[in-house]
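Only one chain is shown below, in structure tokens, and it's the form predicted on its own.
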């Protein structure tokens, strides 16, 4: 992973910064800058959200960063402005952004600016062999009045979270032929241990011993043995009363569709089918640096879905971890098979709540587009809690139902359940399939990130390619988890069906 943008705080713009950014509101642009309206218009700058105006002064640039109207400018607008600034001054090595004139708490704003800058400065260059270096900043200074220690204390965790988003992006961007299950598990475990987590890798024999029938079934067509990675974050002073949350992530390192083969066009980009596991691993690795005081365990099964001579066939039946027999009618609906096993493992640990993330269904992209994730849950209160965390993190999700009458689509004539329903409502029947392995006793949320996990264009702080979507939502959810002295975050009797 390349070096990330270095971010620090200062009370003045450093002499070495060759690009200096200043936030401006569209409705007070003339008043605060002294620039005549006609001059701004000639330079096509109105102070709109995400717009910048580079004003050269020799080898240095003074950059105005638009936030839109002052009454509506908030975190999202600042994030957009920082992203535009970072990309606009990418040919500079060192830059600074002053918080002077921006409404809000400078300490909070410093964290927002730092996270946005690191995310927007990201590029994936591991496979470039040309001599031309991708231009990007190496250092950014956040300039603000007041005591520097609080600013630094806000910047450090923001950069830590952004670093793990970038790690998740790197994982998603790595080709499936290189990111085999074994290499993936080893790489993730190494980073997790460095972060302060306990990491356990289960090889093929371990997966078989755990009776993860879905993982083994999907892996039958591959030459690369499967893995299961379990990570554990235990806060200092944890005891039997410490809340526990389980995270589960889909880790299909490449999805050909199996014998239910995808089209050539549909196979492009399928290195991203492990985006759910990457988000879970990234979030887990951020927890120790944030001193999150809830215990968190994660389960990420890893395999590719290929077409080898012994690949599972449509009509094959396997036995899942919890003893359920599953008829596989579409081998391209494989993610739910490995998630079901991981969810069963999570349930066995009796956590207070479970969240899974997966690039699960193309139907979710049809329904919500490629920038919004689908959110399903067996508990309305927990669903709302997850959605609130997503909103605070700046990641868009939309709640979808789990209608029980749709579950009949999954009834099999020859097994307990089949892995697909009709062509309609595929996201919902996928969610209902997963719900079967969780039940109603433990609050659970399923996040389908098939759309926003991988981007076809640069938007805001997200690059083209892997986005790391989900890391910030999970971190926000866990770092704000109510303590044992507060009310329970969810009511386990409140069904979301």
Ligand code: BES
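Keep in mind that what you see is a predicted model, and the values were worked out from it rather than measured. Positions refer to the first chain, counted from 1.
Here the subject shifts to the form predicted in complex with the ligand, a form of this protein not shown in this document.
In the model of the complex, the ligand stays beyond 4.5 Å of every heavy atom belonging to residue 183. Proximity of residue 356 to the ligand in the model of the complex: non-hydrogen atoms within 4.5 Å are absent; the residue sits far from the partner. Taking the partner from the other structure, the ligand in the model of the complex has a heavy atom within 4.5 Å of a heavy atom of residue 330. The closest non-hydrogen atom of residue 169 lies beyond 4.5 Å of the ligand in the model of the complex. Site residues 8, 137 and 162 are none of them in contact with the ligand in the model of the complex, judged by any heavy atom within 4.5 Å. When you look in the model of the complex, the only residue of 294, 360, 179, 386 with a non-hydrogen atom within 4.5 Å of the ligand is 360. Contact with the ligand in the model of the complex, judged by any heavy atom within 4.5 Å, is made by just one of 255, 395, 341, 115: 255. Just one listed stretch, out of 378-386, 137-145, 255-263, 237-245, contacts the ligand in the model of the complex at the 4.5 Å heavy atom level, and that stretch is 255-263. Along 221-250, a single residue, 250, places a heavy atom within 4.5 Å of the ligand in the model of the complex.
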